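The chain that follows stands alone, in the form predicted on its own, written as structure tokens.
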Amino acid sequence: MQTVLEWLKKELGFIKVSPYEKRYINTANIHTAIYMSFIGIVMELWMIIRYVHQRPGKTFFEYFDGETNYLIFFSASLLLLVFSVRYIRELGKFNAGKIIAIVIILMDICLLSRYLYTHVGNTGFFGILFGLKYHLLLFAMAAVYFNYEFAEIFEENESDIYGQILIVLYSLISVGFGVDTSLYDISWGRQILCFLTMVMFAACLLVWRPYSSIIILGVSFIYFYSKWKPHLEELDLEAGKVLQGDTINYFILFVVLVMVSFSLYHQRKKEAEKDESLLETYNRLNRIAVEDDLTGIHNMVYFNQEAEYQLADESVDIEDWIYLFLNIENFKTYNDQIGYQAGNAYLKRLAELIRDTFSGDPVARLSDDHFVILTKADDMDDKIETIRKDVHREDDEVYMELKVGAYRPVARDQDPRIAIDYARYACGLTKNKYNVNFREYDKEVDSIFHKRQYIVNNIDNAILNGHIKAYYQPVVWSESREMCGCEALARWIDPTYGFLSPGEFIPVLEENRQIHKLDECILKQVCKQMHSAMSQNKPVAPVSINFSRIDFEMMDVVALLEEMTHKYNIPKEYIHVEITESTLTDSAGIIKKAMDQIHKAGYSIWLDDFGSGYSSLNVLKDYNFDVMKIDMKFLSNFGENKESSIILNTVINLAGELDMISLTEGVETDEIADFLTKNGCKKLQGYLFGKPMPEEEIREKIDSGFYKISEKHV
């Protein structure tokens, strides 16, 4: 809970305010000064006219002999008004203000000289000095304003200081003028309204901290009361009662003015806090709009704007400029090993290095560990090397590499987002390629890029128009070499690009999460063609069909299998589901559930590509498979590498121990086939027994007896 002491400190203004709040309150005081100084000008003009009108036929120095305060207060009000308007309106050079300051200084010198001429020799030193107080204060005001004008100070903090000095000097003149005038009025039996008016001027102008208001008003009221009290005591009107009543009213007025000052201060402070909060929100939103929230460098919104602006300049030769896309390869491993918090800290430091290295160039973080730059092509190599060295020395235990894609703009008005896409694609071509760390988007890359775009954009059309074909590669029993099944593989015969190999379109469809369309198309073709052969009483062999991780995420694989086998009346033992080992490393929960349903529905499940680089014995422990397909990589350098034979034999025995049928793909020679047969591999697949072929060709070979379908499928 807030203590009484803390509450008092807050109410009296002893709590430190922010620079914004301080400036807000100072500016509010200067706003107030406009109105108060204007009132002072009007009031003194009226008093000057009235004073002159009552004394016709006199010269200027007879009217204003150095002791008349009207002209001084008028001049002080004029100076404060000019400064306040100039400050609020943020005017530049203001020659009229300089002229006014010079005129007032000259006038004050004349009045000061007049006063000295009439008083030197008749008045003591301190008496003269006291009589010159308003002249000196006015002279100080004019000098301060004159210095402000000629110094051409436009910084906010320094302008505030000048404003505070002028307000203090003006308030001293106001209060002093009120004291002297009211004391003069009292001597003639009149009221103290002039003092009350002037002290209200000061109270309205000096709204800084509540404790300062108490001090300023307290000193003013005590001083005036000390001068006023003797006059009250001299009055022959039951002095005690008059003195007591006036004292009470006088004290009440002091309290009221203090409360008004308190109220004004706290109201302005609350407004300042609210305004500052809104300003901070506005600035934060502006930062968010152009700044990456993790690294603090610019984001893509700012980058795109700056790149467009820079290249739109006719004086810029776009051939000198190049877009760069930076990717930190293997950063995910780094993140996993040291933690995401430390990884984010590194990204922030790296972003600052990139910004500083490419100082003056548009730089932004695109996402994750990806950064984009627009820079001069002639000096980019050294700068890229600076970044690469930093990436290399970050962590000895995790090897990271800087991969860079580049694209040179071909038109001044080219969309930066498209240019970055090209650079990113070029960078992607360096992925997992040792010693290939930079790739520029050239004609060769452009051809590949547009083919990829064509694949993504035309997969639906290719399926609809029958450009996607199911090809079949035989699988044979190792002992009898009779066909025991086929693997269905997709081929794309395109009217524009001709024959597209699976290596061209499958990775693209997987990357763009479109592969499920292809696999669904192959399943439907297989079931339809198998149904056609069965309806003609032709022999058919079971077919295995590949399904990827994305298939299980994008569609209901189990429902699709059930729908197709039911629609075409296909026995479930004739459809085998192949799942690659890498599929099981992601979304394991979804696939595990689907595999249980597939088994329960009566389909056989094959583990595809075992040993392709993602091998994990946990897969064999956690999942139930009917067939293990051993990857062809085990057969590389067969005969030259004794370890390959040992590993193959071990894997085959492992499959048998786990009640799985072993199948080795990529068999191309009789030597390999004989070795696998001798070591217990049950099924074989490869070019030795047939390459993938269209349905018409394999049907012809089955019908002609070239392939004999085994009665034993499992």
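In this text, residue numbers run from 1 along the sequence as written. What you see is a predicted model; the values in this text were computed from it and never measured.
The protein also exists as the form predicted in complex with a small molecule; that form is not presented, and the subsequent description refers to it.
Trainee: To verify the annotation, which of these, 607, 423, 101, 518, has a non-hydrogen atom within 4.5 Å of the small molecule in the predicted bound form?
Mentor: Comparing distances to the small molecule in the predicted bound form, the residue within 4.5 Å is 518.
Trainee: Exactly one residue in 506, 192, 620, 463 has a non-hydrogen atom within 4.5 Å of the small molecule in the predicted bound form; which is it?
Mentor: Exactly one listed residue reaches within 4.5 Å, namely 506.
Trainee: Taking the partner as it appears in the predicted bound form, which of 313 to 321, 79 to 87, 540 to 548, 595 to 603 has residues with heavy atoms within 4.5 Å of the small molecule?
Mentor: Going through the listed ranges, the match is 540 to 548.
Trainee: Just checking whether residue 473 would be counted as a contact of the small molecule in the predicted bound form - the rule being heavy atoms within 4.5 angstroms.
Mentor: Result yes; residue 473 sits at the interface with the small molecule in the predicted bound form.
Trainee: Within a 4.5 Å heavy atom cut-off, is residue 135 in contact with the small molecule in the predicted bound form?
Mentor: No.
Trainee: Check residue 218 for me: does it contact the small molecule in the predicted bound form (non-hydrogen atoms, 4.5 angstroms)?
Mentor: No, residue 218 stays farther than 4.5 Å from the small molecule in the predicted bound form.
Trainee: Would you please decide whether residue 692 lies within 4.5 angstroms of the small molecule in the predicted bound form, comparing each non-hydrogen atom pair?
Mentor: Within the cut-off, so yes.
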